[in-house]
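Encoded as structure tokens, the following chain is the form predicted on its own, with no partner shown.
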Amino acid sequence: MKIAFFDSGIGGLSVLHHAIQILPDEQFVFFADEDNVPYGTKPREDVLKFVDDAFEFLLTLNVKAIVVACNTATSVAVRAMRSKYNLPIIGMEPAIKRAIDLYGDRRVLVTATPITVNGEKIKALINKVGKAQLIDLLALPKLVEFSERQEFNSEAVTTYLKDKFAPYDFTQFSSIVLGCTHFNYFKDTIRAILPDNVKFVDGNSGTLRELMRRLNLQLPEINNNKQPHIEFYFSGRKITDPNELDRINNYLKRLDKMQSIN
């Protein structure tokens, strides 16, 4: 049986990219809802329907678990999906606790989509961490659009980020939480803007640890020569076109480069 990774677009490839490395013996399905991306600026009711439709489709593919590799979809829909479907469903959330645990009593900037930033789930997460006075929230919706166009280093991206970051004194910050899986593609561009004291934190590792726990998986001996078995779908359509597969591969190659940036 396969493990499914679901996202509104190609951001969730960053979670799959990590899974390929640590679970090379598994078979994977990646589902990007390219017909409806982005989720983060849409009404919550629409997002809930998009996620439910995707789950209905994924369950026809003999999957043993679904990783919702999308912070927005997790915030809006995971609770409802767990009530409706009887299989392990692993969500994502901004890694606020991890940032506080790693870097102590310095400020943390949490970046995400508007739905995530304004949702009740992130408020509860901040309250649970217990250091709300150290946490700032920033929505960066255009990064999703930029990433879907494979536009990572352009002048438009840099200008957008500089404008969004301008209100913050980053000498006071320990870290920036990448609370949307699309944001992982921009680590080099962000690194060129922010001082070195600001470290990147994301929820990918924690999500995969929870996946392994739920499925009782162990880390195998890594075989770097093993080719992963992955099926790709865009909004229910299996991807076989060489141009689309090349596009996906280009994203994965970029993630190879981003992996070493912290």
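These numbers come from a predicted model, not from an experiment. In this text, residue numbers run from 1 along the sequence as written.
This next part talks about the form predicted in complex with a small molecule, which is not shown.
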Problem - Segment that reaches the small molecule in the model of the complex - one of 230 to 238, 30 to 38, 202 to 210, 54 to 62, heavy atoms within 4.5 Å - result: 30 to 38
Fill in the blank from the handout: Picking from Leu137, Val157, Val144, Leu125, the single residue whose non-hydrogen atoms come within 4.5 angstroms of the small molecule in the model of the complex is Val144
Exercise for the section: May I ask you to state whether Ser175 is within 4.5 Å of the small molecule in the model of the complex, using heavy atom distances? Expected result: no
